[in-house]
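One protein chain, two forms: both are listed below as C-alpha cells, the first as structure 1 and the second as structure 2.
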Structure 1
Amino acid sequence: MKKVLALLLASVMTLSLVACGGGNSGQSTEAPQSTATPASTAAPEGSQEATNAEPGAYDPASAGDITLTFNWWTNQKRTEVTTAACEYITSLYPNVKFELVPGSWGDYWTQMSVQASSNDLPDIMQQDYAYIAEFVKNGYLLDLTPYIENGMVKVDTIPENTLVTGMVDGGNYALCAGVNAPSTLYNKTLTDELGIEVPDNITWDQFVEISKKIYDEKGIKTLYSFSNSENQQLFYTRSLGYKDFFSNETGVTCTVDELAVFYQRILDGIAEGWMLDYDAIQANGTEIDTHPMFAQDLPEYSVWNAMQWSNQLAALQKAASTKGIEVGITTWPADDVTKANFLKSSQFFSVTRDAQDKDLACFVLNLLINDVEVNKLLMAERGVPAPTDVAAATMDVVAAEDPTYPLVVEFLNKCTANSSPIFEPNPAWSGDLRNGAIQDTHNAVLKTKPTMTAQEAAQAVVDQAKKLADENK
C-alpha cells in the first residue's frame, strides 16, 4: 500500500513539473526553457496557467504529448530548414513533436488526394494557389477565421493583397508562407558585356530590342512562352486590363483578336530568329540545373533569360555560379507592367480538417508564419516572409546565407508598388486547357515552319476554353 502511494505521489509530482514547465514556456518565444525551472513544490496544476492567462492566450501544453504531421513538397534545402525550424519549436514546447513528411511536387499531390480520401490528411500541409479552391470545395481545409478573430493566428502585419490570396468565399484557409513575383532572370554577365541595361518593368518593345541585339551580336536566343503553361498568356492578358486569363463564363477573358497579337509576337520572334524554337526547348528542357541559359557552348540552344519566379533566383544563381555567370532580375515583359504584374504566394500553410488538435495546429501555424526565430531558421527558402515585420527582422540572417536575398527583397518591394491584385484561383478545368490547346498552339507556332497562323492559334485556345467552361457549368 505504501509503495503504491509513493508511486502515485511521484507520478503526480512529475506530471505537475511537466505542466508547469510547458505552461511557462508557452508565453515565451525566446529561448528554450528547461522543464525543470519552476520546480517549486508540487503546485496545483491550474495555478500556473491562471497567473499567465491573458485574452486569447493559448497554452500548447494543454494539448498533452502530441505528434503533429506536417507534409510539404520539397527540395533538399527546404527539408533542412523546415526540419530545423520544427526541432526548434519542439525545444520550446517539448510536448509538441513533429512527424515531418517531405515529398516531391508531383508525388505530394497524389499523396494528399489519397490521404484526403481516407480522412487521413496531415495536421499541417503546404498548399499551392492552384489547389486551394479545390481543397476548400471538398471541405479538406480548416477555416482559420475564428482563430484570427481570437488572436491565436496573427495576420495584422500581412499586407491585404497577400492575405486575400489564401481566402476562398470570405474564409481564410491558407496563410502565405513566402511572397513571390513573376520574374525574368537573365544572364547579367552577358548583358553587361554587351553594354545592355535591362530596365525594371521591362516593356515588350524593350524586351524585343534587347533580345534582337543579343541575337545579332552573340547568336544567343530568348525564351518566352512555351509548353503547357499559360503564364505568358495570363501576363499578356492582364496587361490589356483584364484581371484573369481564365473565365468560368466565357472560357478566356480576352477576344480572339487580342490573343492573336500574343501569338503573332511568338511567330515574329521565331521568323526573326531570336526566339528559341520548340525543338531546341525540347532538346534541353528548362529545369534549373540544366537551363539553356548555361548552354553557351551551343549558341543555337542557349538563351540569355529564364521566365521564372523570384524565389528561384537563389537556385538559378547557384547553378549559374559554376559557369561564372551573374544573374539579374526584372519583371516579365508586358506593354503595361503595372497592370500585368502581381505578387503571388509561392506556397501556403494550411491546417486540415483532419488535424487531431485544431487549436494546437493553429498555434504552430502561427509560429511558422509570425515567429521571428522560427523564420530565421526557415531562411526565407519559401519566399520572403509575408508579415512585413518578420521580413524585416530576418533580413540580415538570410542575406548572410544567401547573397541574392537582398536583391529579391528589393525586387519585390518594387513590384509591390507596381502591381495589380492577383487573378482568381484557376478553375478546375484549366489543367485540360493547359494540356490541350495551350500546349498544342505553343508547339504549332514555336516551329521554324509554323503549322498555325496567329489567328488560328488564338481561335483554337478560345474555342477549347469556351467548350470546357460550358461543360463545367
Structure 2
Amino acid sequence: MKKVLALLLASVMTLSLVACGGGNSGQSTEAPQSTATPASTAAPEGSQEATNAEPGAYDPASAGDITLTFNWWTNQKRTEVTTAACEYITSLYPNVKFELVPGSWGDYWTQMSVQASSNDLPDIMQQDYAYIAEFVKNGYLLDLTPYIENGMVKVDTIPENTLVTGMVDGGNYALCAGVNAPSTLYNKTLTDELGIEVPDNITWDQFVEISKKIYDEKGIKTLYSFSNSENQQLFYTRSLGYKDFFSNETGVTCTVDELAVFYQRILDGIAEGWMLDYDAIQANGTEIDTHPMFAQDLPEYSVWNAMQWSNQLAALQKAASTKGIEVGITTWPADDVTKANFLKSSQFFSVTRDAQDKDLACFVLNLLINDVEVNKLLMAERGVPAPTDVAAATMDVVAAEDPTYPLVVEFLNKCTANSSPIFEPNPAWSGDLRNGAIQDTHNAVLKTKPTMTAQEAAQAVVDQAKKLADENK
C-alpha cells in the first residue's frame, strides 16, 4: 500500500494531465475551546479587501463573534467529515462558528440560484467545474488573486495545472477541494460470482457485452446516462478526438450524426432491456444510500453499476457493505478511453461576493485547503487533497480509516497514465442547455417507449446549443 501511496504523490506532483451570508436552515457548529496553536496563516488587513499584509498578520479574533454560512452538496459521509472539520476550526477560533447547509446536488444549485438573486449567497460555497464560469460571469464569486498574492491563501504546493482549473478570465475564483476522475463503480461481488472480469480502460463494446451477460443471467440492468447527465456526452465526444463537448463558436463540437450515435446506444439498451429506463429511475432515485445497485428486492430496478466519480467510492462501499457487496472501480466506457478520460477537481471551495467578512472567509478557505489537521478530518472524501504536502501528510490517516482509499489511489494512478488534458470550464450558457435540450432528450430516449429518435435528440441539442452560443457572443 505504501508503494501505491508513494506513486500517487508522484502523480499529483506532476499532473500535466489535469487541467483538474445566506441560508437559515443549516446546522450550527460549536466546539470547546482548544489550546492548540494553529499554523501561521497570512491574511490581509481590513474587513473586505486584500492588502499587502505580512504573513501571519491577520488575527481571526478581529472579526468578532461571527457565524459563517457554508453550503455544499453532499452525501452522509461528506456531511459528517465537513461538520467535524468545521467544529475543529471553531475549537481553534471560538469566535468563529458555522451554519452548515448541506443539500442534494439538484436542490443545491436551485438554492444557490435563489440566494444569488437575493444577494444572500453563503460566505463559503462548494463549487463545480460545470458552473464556475456561469457564477463568475454573473459576479457571484470573489476573485482570490489578491489573497493568493499576499499569502493569505497558500497555493505554492498545488500543481499549476490543478490550480488553473479554478481560474476564469485570469482571475482565481475557486480552489480544488480534491482530485478525482470519472469512474464506473460496480458490484464486484456479482461480477465475481458470474466469472466476469471488468477490465481497466473498458471499451464501449466490452461494457455492453458485460451488461448483456449480467442481464441475461440475473435480470439485473445497467445504469449509464440519465436526465441532465451531460458528462456522459462529454466523455463520448472526447473519445472521438474532441477536447470538449461545448463550443462558444458552434454550440457543441461534434456533429449531429456523431451525437446521434450516443443516443442510439441508449435507445438500443432500452429496447434490448438491459439498460435501466427513465421511469424506474424517477420512481426510485439514484442517491447513494438507496442506489439501485442495492435494490435486489426490486429486480426490475436493480443495476450492476453506478456512473460516479472516484471520490464517491467510500460512500458507495459503506452503503454496499450493509448488503454484503464489494464495490469495484474502473473507468467510464469509451471507444478510446485515453482520449475520453481526464482528471479534474472533484469540487471547489469558493468565497462568494456576499460573504459578510471576506478576509475571514478566505482565512477559513485556506484552512480547508491547506491545514493538515483539518484535512485529516475531511478524510479526502472529496478526493485526494490538491496541495502535495497535505496529500502526503494525510494519506496514512485516511487509508487507516477508509479501506477504499488505496484502491482510489491506485485508480487515479492508472488514470494519470491513461488520460488527456481536461477541457476548459463550461461556458456560462451551458447550464441552460443542460437544463433544457440535454435533460429533455435524455428523458425522452430513456423512456420505456421513447418519444424521440436518436437523430431528433441529437438535432435538438445541437440546435439549442448553437442558439445559446450565438446569443452569448
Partner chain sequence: MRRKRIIGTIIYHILVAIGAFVMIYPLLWMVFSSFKPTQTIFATASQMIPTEWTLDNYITGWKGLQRYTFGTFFANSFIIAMGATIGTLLSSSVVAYALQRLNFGLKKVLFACVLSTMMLPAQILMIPQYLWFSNLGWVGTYYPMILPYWFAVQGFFVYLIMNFIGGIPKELDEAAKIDGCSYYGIFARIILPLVVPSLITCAIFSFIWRWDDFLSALLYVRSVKMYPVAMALKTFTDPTSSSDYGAMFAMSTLSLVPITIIFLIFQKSLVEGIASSGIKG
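Here the structure is a predicted model, which means the values were calculated and not measured. Definition used throughout: the rigid core is the maximal C-alpha set that superposes within 1.5 Å between two forms. When a residue number appears, read it as a position in the sequence of structure 1, where counting begins at 1.
(Q) Two copies of the same chain, shown separately. Which of them is the form predicted alone? (A) The form predicted alone is shown as structure 2.
Q. Between the rigid parts turning between the two structures, which of Q127, L368, V179, L276 is at the hinge point?
A. Between the rigid parts, the switch point is V179.
Q. Rounded to the nearest whole degree, how much does the smaller rigid part turn between the two structures?
A. Smaller part versus larger part, rotated 22 degrees.
Q: Would you mind giving the Cα movement of M167 between the two structures in Å, after fitting on the rigid core?
A: Once the two forms are fitted on their core, the shift reads 3.3 Å.
Q) What is the C-alpha shift for R78 between the two structures, rigid core superposed, to one decimal in Å? A) Here R78 registers a C-alpha shift of 4.5 Å.
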